[in-house]
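Single chain ahead, by itself, as structure tokens, in the form predicted alone.
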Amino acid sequence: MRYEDVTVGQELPELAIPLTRTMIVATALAGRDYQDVHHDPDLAVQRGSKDVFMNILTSNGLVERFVTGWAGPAARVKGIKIRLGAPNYPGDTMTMTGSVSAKDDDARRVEVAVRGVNAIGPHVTGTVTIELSEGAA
């Protein structure tokens, strides 16, 4: 993505992410998050959840993937600020949407407002700031 081609208000293509049990468990364990609520359904229920649920590191990674997938490999992530809401449970789908909320011409930075929603409601909301180098394609 070239900085010059980005406009404030520009919408990113929607991304639907199937939430499988394997994905939720594997990504938590890959990130060394051994909290039982992310991999043990019985213990998750005992602790008040309806099932295992996605951890914040995975949500953060999916937000980054969404924005960099749109911006391309030359984009450099400069900041991610997210807030979690409804849990991501197995068997659901999280749909990511976003739009360009600001541009900084001096730093060639773009801020993207993001939102990931599942059947319960918003799972993640926030902003991602990226830097696009001159002539990035």
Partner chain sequence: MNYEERLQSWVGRRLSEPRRGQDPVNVPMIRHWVEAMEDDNPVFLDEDAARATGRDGVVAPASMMQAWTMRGYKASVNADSAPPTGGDELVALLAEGGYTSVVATDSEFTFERELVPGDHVSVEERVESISPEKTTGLGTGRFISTIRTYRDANGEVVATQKWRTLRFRPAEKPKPKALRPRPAINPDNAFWFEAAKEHRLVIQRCADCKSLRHPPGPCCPQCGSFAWDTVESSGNGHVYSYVVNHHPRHPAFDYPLIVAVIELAEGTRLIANMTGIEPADVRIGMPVALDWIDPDPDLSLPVFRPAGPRSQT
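Nothing here was measured: the structure is a model prediction, and the numbers come from that model. Positions refer to the first chain, counted from 1.
If you look for the form predicted in complex with the partner chain, you will not find it shown, but the lines that follow are about it.
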Note: exactly one of 100, 86, 43, 57 sits with a heavy atom within 4.5 Å of the partner chain in the model of the complex, namely 57
Is the gap between residue 23 and the partner chain in the model of the complex 4.5 Å or less for some heavy atom pair?
yes
### the partner chain contact at residue 51 in the model of the complex, heavy atom, 4.5 Å
no
>> With a cut-off of 4.5 Å between heavy atoms, is residue 76 one of the residues that contacts the partner chain in the model of the complex?
In response: yes
Can residue 111 be called a contact residue for the partner chain in the model of the complex at 4.5 Å between heavy atoms? no
For the spot marked by 33, 62 and 65, is every residue within 4.5 Å of the partner chain in the model of the complex through some heavy atom? yes
